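The data below hold one chain only, encoded as structure tokens and taken in the form predicted alone.
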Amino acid sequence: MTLTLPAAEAARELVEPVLREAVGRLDPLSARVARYHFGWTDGGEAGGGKALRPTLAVLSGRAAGADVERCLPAAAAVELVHAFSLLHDDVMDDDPVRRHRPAAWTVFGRPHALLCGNALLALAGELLLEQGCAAAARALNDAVLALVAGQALDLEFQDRDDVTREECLLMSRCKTASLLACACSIGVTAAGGPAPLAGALAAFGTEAGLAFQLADDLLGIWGSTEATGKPVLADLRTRKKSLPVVAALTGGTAAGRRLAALLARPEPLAEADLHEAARLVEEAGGRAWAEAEAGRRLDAAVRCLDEADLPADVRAEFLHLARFIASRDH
């Protein structure tokens, strides 16, 4: 699903040339993989994604009163890190589809996809250091470390049947919300803006990021292929310990126990089993909890914005983005 918001379209147009210039520095094969992954070649989606994180980074710079041009390296750096994470995530999850077409690793092979991800991560730091943004580079590096820790937890959960709701929320906070929090504050940091403003926007990004992950997990079960770019019931096919599933499994209900038994079967789940699993997640309260929790996180994000000293138009755009990502159709 492409983000159809004016701020996102404007940020995409501004940041894409910076991304293309950075990718042009890579060795030829890594550059080819990156261009494919970003959707610039071989019939990819226009823009190659939602442009959510660079949009937030540009808004962050505007919040500090910085010129938009000054924010672009930071916005591009965040998007490069996001691209790195997706390339590696698809390999680790054996996910064959990304944005409605074959994932990069299925086209170029796992080694080249991983090497491209590594190169994009290095480019992200290089962009910031070239601008003399050491503090922003440190903030982005901290987000990467949190993201890696979250991915490690996600992999660990695949082999456990005792994952708690709190552990799953921690994983989501690290894997997803940390980079969104960085995107929401890195523009302030890069512009040398006040630390309290960066902190308030990072807190906003954390809560909005959790709302984003909850919405994404709901889409992973009940979303259409048109919305997700992946097969319906995708997360149940891989028996992913997503937030609605963990909430259902840990709710102490009969439906949750039936769901646990179904997901514990050693054989691949048939189509009818997948639909039954989705029904059991809902019956056990997992869907209702995730929807309500997304609402609670969005409310918390709004409160963080209320505490930030922001221009009114920037506040409105942050709020619009938060509401959009927390209420995607599923």
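The structure presented is a predicted model; accordingly, all values stated were derived computationally and were not measured. Note that residue numbering begins at 1 and tracks the sequence as displayed.
One more form of this protein should be noted, the form predicted in complex with a further copy of the same chain, which is absent from this view; the next part is about it.
Just one listed stretch, out of 201-209, 95-103, 114-122, 240-248, contacts a further copy of the same chain in the predicted complex at the 4.5 Å heavy atom level, and that stretch is 114-122. Against a further copy of the same chain in the predicted complex, the set R287, E291 and D306 makes no contact: no member has a heavy atom within 4.5 Å. None of E276, D42, D27, D299 but one reaches within 4.5 angstroms of a further copy of the same chain in the predicted complex through a heavy atom, and that residue is D27. Site annotation in the predicted complex: the residue of A152, A254, V107, A260 reaching within 4.5 Å of a further copy of the same chain with a heavy atom is A152. Among residues of the shown chain, R165 is not one whose heavy atoms approach a further copy of the same chain to within 4.5 Å in the predicted complex. Put simply, A137 is close to a further copy of the same chain in the predicted complex: some heavy atom of it is within 4.5 Å. Heavy atoms of H82 never reach within 4.5 Å of a further copy of the same chain in the predicted complex, leaving it off the interface.
Using a 4.5 Å cutoff between non-hydrogen atoms, V232 does not count as a contact of a further copy of the same chain in the predicted complex.
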